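Let's start with one chain on its own, the form predicted alone, as structure tokens.
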Amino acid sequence: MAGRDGDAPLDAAFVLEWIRELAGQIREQRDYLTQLDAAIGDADHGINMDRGFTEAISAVPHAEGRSPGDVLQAVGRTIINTVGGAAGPLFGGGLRSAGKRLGEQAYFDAEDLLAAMRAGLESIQGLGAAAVGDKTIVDAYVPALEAFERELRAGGDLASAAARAREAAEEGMRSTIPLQARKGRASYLGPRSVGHQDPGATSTALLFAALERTARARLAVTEERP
């Protein structure tokens, strides 16, 4: 599918670049994510996510011969199988559902990505039954998608939409600090969960930050072409 406003169509290589960028950010933030989880969880979120995305990159070493949806589904399956706790089924299931939504088409655009990420959110909420305000992944994911769509409707391109999504995800991430957890392991702590940033929401913010970086890198390459 053609891109909007001059955007080059996106392909499987773009998806793999996105996942590699995310894996790198998770590796850099592994200890921080684990520290966040130590306060309200099992103290293994960063370790598990790093292991899972490292395995995902090994499982999909190249994009040749694959569709964008196939890459996302393969990554999602690997995350489900290697990341412990709730994070594996939630993050992995979300990515796998996004891949299924993209289907077998060789190219996609920002609108397709929006639809795919919505499918990912539906998977996450279907499994975790969480809503905004429950101190989970959803607190970062929902505002990110809303900001992404608003920017597209205003005529923005993928890079600007991803930037708005990243900003909203980070704001949603920070909004979890004063919340009392109502879902997941943290909910067992009751009022003691207040005052701590949710690690899942933090990883979700990294997901959108990685998307922004990948989109800007692809845009820079496109602009350099004669």
Partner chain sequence: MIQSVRRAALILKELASEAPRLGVTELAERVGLAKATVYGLLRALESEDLVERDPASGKYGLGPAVLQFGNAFLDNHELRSRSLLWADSLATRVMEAVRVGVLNGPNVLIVHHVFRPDDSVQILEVGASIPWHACALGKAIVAYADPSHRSELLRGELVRLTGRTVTDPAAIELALERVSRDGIAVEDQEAIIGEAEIAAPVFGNLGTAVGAISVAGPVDRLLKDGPSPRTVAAVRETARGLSRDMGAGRLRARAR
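Positions refer to the first chain, counted from 1. Everything numeric in this text was worked out from a predicted model, so none of it was measured.
Omitted from view is the form predicted together with the partner chain, to which the following refers.
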item	value
4.5 Å heavy atom contact, Arg164 and the partner chain in the predicted bound form	no
The partner chain contact at Met173 in the predicted bound form, heavy atom, 4.5 Å	no
4.5 Å heavy atom contact, Gly69 and the partner chain in the predicted bound form	no
Heavy atom of Gly52 within 4.5 Å of the partner chain in the predicted bound form	no
Full three-residue contact with the partner chain in the predicted bound form, heavy atom 4.5 Å, for Arg101, Tyr107 and Leu114	no
Candidate stretches 59-67, 25-33, 165-173, 187-195 - the one whose heavy atoms come within 4.5 Å of the partner chain in the predicted bound form	187-195
Stretch 105-141: residues contacting the partner chain in the predicted bound form, 4.5 Å heavy atom cut-off	Gly126, Leu127, Gly128, Ala129
